[in-house]
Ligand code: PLP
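Only one chain is shown below, in structure tokens, and it's the form predicted alone.
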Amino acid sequence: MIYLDHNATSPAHPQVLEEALPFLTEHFGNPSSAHSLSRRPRAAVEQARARLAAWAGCEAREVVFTGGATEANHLALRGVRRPGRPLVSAVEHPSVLAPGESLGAERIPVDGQGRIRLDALAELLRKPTTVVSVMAANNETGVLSDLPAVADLVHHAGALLHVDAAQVIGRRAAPGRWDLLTVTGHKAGGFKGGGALCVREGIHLAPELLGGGQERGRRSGTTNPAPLVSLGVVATLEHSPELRALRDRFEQAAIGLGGVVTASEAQRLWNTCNVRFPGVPSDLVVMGMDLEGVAVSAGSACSSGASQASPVLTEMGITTADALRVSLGWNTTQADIAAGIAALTVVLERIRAQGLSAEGTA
């Protein structure tokens, strides 16, 4: 199976397996215990904390380990107790949009390329605001946010800036200016179940989970060493520049097959291609590619057997359900891209020959 869906999750990197796997087998002790079997796991977790802090540009004591990015996002939005309401970009991950909605958040609109409208953000910041949540790179389109410009506006208004960096760790440098930073490792070769919220010193967070008082009282729950060790490893990884060329090769082939690259005018993450084939239902393309042995995903969700437009693309003014997301990772090769292009060619020819429209009717 050719795997081209790394923005959903990524296979474990060899270095991750080497360093983290022993904490699922040999070094199984609870890091919070007092006996000798806890020492290796505890030391490994603290090494992971230091590695992540080095990547994020913060102190180790500012790293709060969580069970994943969703939990970290909830803690970032729900843990800040200040006068005002949150602001979230309209193209955030559901794990930001949902807790934001529960707190009465307003949404920051984007332009047709998926970029934050800074004029709209400035206007929204005229009202009391607790925290502004803007992702570093969009998981569907790969669009990179203009975080320096966003940070200028947010900090001038006296609000906090939360950045969801789940898609950038292990792929590029950390954002430079943030107050709260979400990460997880499994998008770039780490294990699922390991995440963190980096919190600048002086910011008080009300914990979501109470109990044992782990993570300096900010996140109770038994520490899970293996995923956290894997996250620390991911923070040290560097990917080959060749992967950008592979993404570009796939995009050019897709254009030759009648595709339109989404957000082509915006700065994008090097590994992500979102391409639309007008009139061709994305769910049929995904299923067809799967039958050809290539795993990709749609820029739209499939509900009740019918394609629906992606909420992210809808915010960009694209309301058709014809987008395909291809995302590359640490183990993607030239052969993988060639196979993906070949499969896409076959699938599109088949669907078009059947005369199916984006509504799924002949």
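None of the values given here were measured: they were computed from a predicted structure. All residue numbers are counted from 1 along the displayed sequence.
Heads up, the form predicted in complex with the ligand isn't pictured, but that's what we're talking about next.
A.B. asks: Here the chain is shown alone; which of 247, 268, 187, 219 has a heavy atom within 4.5 Å of the ligand in the predicted complex?
C.D. replies: Flagged contact: 187.
A.B. asks: Report the residue, out of 224, 95, 214, 130, that has at least one non-hydrogen atom within 4.5 angstroms of the ligand in the predicted complex.
C.D. replies: Contact check passes for 95.
A.B. asks: Given the stretches 201-209, 159-167, 260-268, 230-238, which is the single one in contact with the ligand in the predicted complex, using a heavy atom cutoff of 4.5 Å?
C.D. replies: So the stretch in question is 159-167.
A.B. asks: Quick check on residue 73: any heavy atom within 4.5 Å of the ligand in the predicted complex?
C.D. replies: Yes, residue 73 sits close enough to the ligand in the predicted complex that at least one of its heavy atoms falls within 4.5 Å.
A.B. asks: Is it the case that residue 135, even though its partner is missing from this view, gets within 4.5 Å of the ligand in the predicted complex, heavy atoms only?
C.D. replies: Yes, residue 135 is a contact residue.
A.B. asks: Tell me, yes or no, whether residue 139 is in contact with the ligand in the predicted complex, where a contact means a heavy atom of each within 4.5 Å.
C.D. replies: Looking in the predicted complex, residue contacts with the ligand include residue 139, since a heavy atom lies within 4.5 Å.
A.B. asks: May I ask you to state whether residue 69 is within 4.5 Å of the ligand in the predicted complex, using heavy atom distances?
C.D. replies: It does: once the ligand is placed as it appears in the predicted complex, residue 69 has a heavy atom within 4.5 Å of it.
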